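In the form predicted alone, a lone chain appears below as structure tokens.
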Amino acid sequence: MEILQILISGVSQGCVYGLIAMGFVLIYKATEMVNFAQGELMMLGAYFAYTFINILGMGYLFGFMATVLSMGLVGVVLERGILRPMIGEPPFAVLMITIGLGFVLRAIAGAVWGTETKSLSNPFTGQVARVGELAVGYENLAIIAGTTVLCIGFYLFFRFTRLGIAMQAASQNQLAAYYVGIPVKRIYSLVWALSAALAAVAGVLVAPVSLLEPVMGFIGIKAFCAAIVGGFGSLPGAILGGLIVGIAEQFAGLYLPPGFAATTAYVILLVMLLVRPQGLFATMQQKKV
């Protein structure tokens, strides 16, 4: 029973990693940029939810919707104001821009909301689902259920909608997509909006089980490891990589000496790079010259 309890906790944590990793993959597939501020976007989304729900008293559902919409707008502003001018620049310059953006977002969060820890009001606090001796918090169930719904939604979006198909076309061949009339620049903005909204969902889901603080975005580093483990061009791989890292962390905390759990993601990343550098789902293709 203890193993099952740890497994469920690992799946819950892995879903958070997977959602953030999906943000990494979305932006990379569409723009070939690696957004190292994805974790900070999750942190910002959590603080937006705190503002709408705790401070403005909008209620959990309406606060959740307002957070997702607001973070989508933030994603558009970041893409158009900061990242779009960097198109065509060396990848290292773009990488440094996103790292710097992470520092700026942490500083803004500290200045606006303060550095002391906060908690997000939610309808799951203190509620536990029991099946025999197994007890699972509603917060963990909400994370797992939310991730499942999002995965199904993304599958349907990219499979059956014109916008989703256009995004896939732009990510596979930008020039060809432009020639057939797909507004590539607008697609870029929508991808950043989608990625920021996804980070917001992760922030709202993880907030009940993790205190809000400006440095909570560092979880994005482990999510980046999960994205590489799953295959950096694959959305299903991002979720699978997140689950592998999350479950491994929980079991490492149970069976290994204290402190080893925090390094589990990096050990898994190192092993994966040695054994299968392309990740579990190798969807990235080499460009032909």
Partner chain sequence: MTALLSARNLALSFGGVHAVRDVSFDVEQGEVFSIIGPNGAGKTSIFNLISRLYNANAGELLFAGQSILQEPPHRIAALGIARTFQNTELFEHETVLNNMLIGRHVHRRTNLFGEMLFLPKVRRQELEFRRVVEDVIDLLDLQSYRNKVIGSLPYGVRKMVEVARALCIQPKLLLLDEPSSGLNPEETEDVSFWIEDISRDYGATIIMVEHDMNLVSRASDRVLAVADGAVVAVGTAEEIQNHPDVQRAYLGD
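All values derive from a computational prediction rather than experimental measurement. Numbering follows the first chain given and starts at 1.
A second form of this protein, the form predicted in complex with its partner chain, is not displayed here; the remarks below concern that form.
*Asks:* Give me the residue from 166, 78, 216, 142 that has a heavy atom within 4.5 Å of its partner chain in the model of the complex.
*Replies:* Selected residue: 166.
*Asks:* Can you say which of 182 to 190, 125 to 133, 70 to 78, 195 to 203 gets within 4.5 Å of its partner chain in the model of the complex, counting heavy atoms only?
*Replies:* Among the listed stretches, the partner-contacting one is 182 to 190.
*Asks:* Applying a 4.5 Å heavy atom distance criterion, does residue 172 contact its partner chain in the model of the complex?
*Replies:* Although its partner chain is absent here, residue 172 would touch it in the model of the complex, with heavy atoms inside 4.5 Å.
*Asks:* Check whether residue 138 has any heavy atom within 4.5 Å of a heavy atom of its partner chain in the model of the complex, and answer yes or no.
*Replies:* Looking in the model of the complex, residue contacts with its partner chain do not include residue 138, since no heavy atom lies within 4.5 Å.
*Asks:* Wondering, does residue 177 line up within 4.5 Å of its partner chain in the model of the complex on heavy atoms?
*Replies:* It does: once its partner chain is placed as it appears in the model of the complex, residue 177 has a heavy atom within 4.5 Å of it.
*Asks:* Hey, in the model of the complex, is residue 117 touching its partner chain, heavy atoms inside 4.5 Å?
*Replies:* The answer is no: residue 117 has no heavy atom within 4.5 Å of its partner chain.
*Asks:* Would all three of 251, 255 and 257 be in contact with its partner chain in the model of the complex, where contact means some heavy atom lies within 4.5 Å?
*Replies:* None of them does, since no heavy atom lies within 4.5 Å of the partner.
*Asks:* Enumerate the residues of 125 to 160 that have a non-hydrogen atom within 4.5 Å of its partner chain in the model of the complex, in sequence order, or give none.
*Replies:* The stretch 125 to 160, when checked against its partner chain in the model of the complex, contributes 153, 156, 157, 160 at the 4.5 Å heavy-atom cut-off.
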